[in-house]
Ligand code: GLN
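Listed next as structure tokens is one chain, alone, in the form predicted alone.
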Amino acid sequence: MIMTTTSSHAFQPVLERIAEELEHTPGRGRPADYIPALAARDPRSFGMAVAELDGTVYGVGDWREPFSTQSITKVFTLALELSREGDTLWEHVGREPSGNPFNSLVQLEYENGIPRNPFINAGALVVTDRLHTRTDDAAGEFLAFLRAESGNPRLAFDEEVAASESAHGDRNAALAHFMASYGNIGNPVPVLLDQYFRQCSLSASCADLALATSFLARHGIRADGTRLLTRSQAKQVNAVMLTCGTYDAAGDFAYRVGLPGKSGVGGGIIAVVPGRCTLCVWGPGLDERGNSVAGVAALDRFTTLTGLSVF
């Protein structure tokens, strides 16, 4: 993979302008406080990277600084399982915005244990469960994929973060047990939770994640030229990202940014410009819905300055 920070390409001046504007913007939100490793992050930290389809990456700020990816990982497990199972997956998880917080139990009971979409915690648990059944190591399969697509063999799980999430994982355990009572979870719940918490603990940089997401901009084609998803499946993943990728703020994100995106409470957001490039931005300070304040603002400015959006 080619890495560059030269300003010869149109993207680099745009990134530098965005970083400068954000530097003078007050109010960056607050880091997630339920995981010590996340709470300790400086909310003024900021990084942003853009990856072109050929693997060239442009970045600014803390774009090479690893951070906890958290719910961003749900995009990759969805793609890996969808590539194996196809449309049958959608019988077990929906494709509609939830309108509720990412860890809500509310909808599961009156929707018979079928999560509203794969990006809320309940839906991600179902996807991880099904991937684990097919691979016997969902987290390992996910890690191998991210290493290959990012070109970074050093990517790893943060065991401290995983242990912290496990210690505060009662709500996720409740979701898993409830769905198991409807027959929508196949593995023992403790096994599933271990896989899920490890997956979410991945530590990666903006550069890593921008590169790893590029298969969605290439309509399903991996970095090595092989096909992971059909063009239609890549469209499906991008569509669900657009409508469900930023918790219960997806409408506002689509309005401001105009790109498929997926956020995580570690402060990262990935975004896709189909056929052109992928982005990852990181700012640990979150708004009340769990999305990076600086990240959303930066992506808003990127699409405004470049004119690149799906609309």
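Because the structure is a prediction, the values reported are computed rather than measured. When you see a residue number, it is the position in the sequence shown, counting from 1.
The next section is about a form of this same protein that is not shown, the form predicted in complex with the ligand.
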- Note on the structure: Checked V127, I185, A207, C200 for heavy atoms within 4.5 Å of the ligand in the predicted complex; positive is C200
- Note on the structure: Only hit among F253, Y247, F67, F46 for heavy atom within 4.5 Å of the ligand in the predicted complex is Y247
- Message: Under a 4.5 Å heavy atom criterion, is N121 part of the interface with the ligand in the predicted complex?
- Response: yes
- Quick one: does G264 come within 4.5 Å of the ligand in the predicted complex, counting heavy atoms only? yes
- Message: I'd like to know if N172 sits close to the ligand in the predicted complex, meaning any non-hydrogen atom pair within 4.5 angstroms.
- Response: yes
- Message: When the contact criterion is heavy atoms within 4.5 Å, does S98 count as touching the ligand in the predicted complex?
- Response: no
- Task: Can you check 276 to 284, 59 to 67, 46 to 54, 33 to 41 and let me know which stretch has heavy atoms within 4.5 Å of the ligand in the predicted complex?
- Result: 33 to 41
- Query: Using a 4.5 Å cut-off on heavy atoms, which residues of 70 to 85 contact the ligand in the predicted complex?
  - Reply: Q70, S71, K74
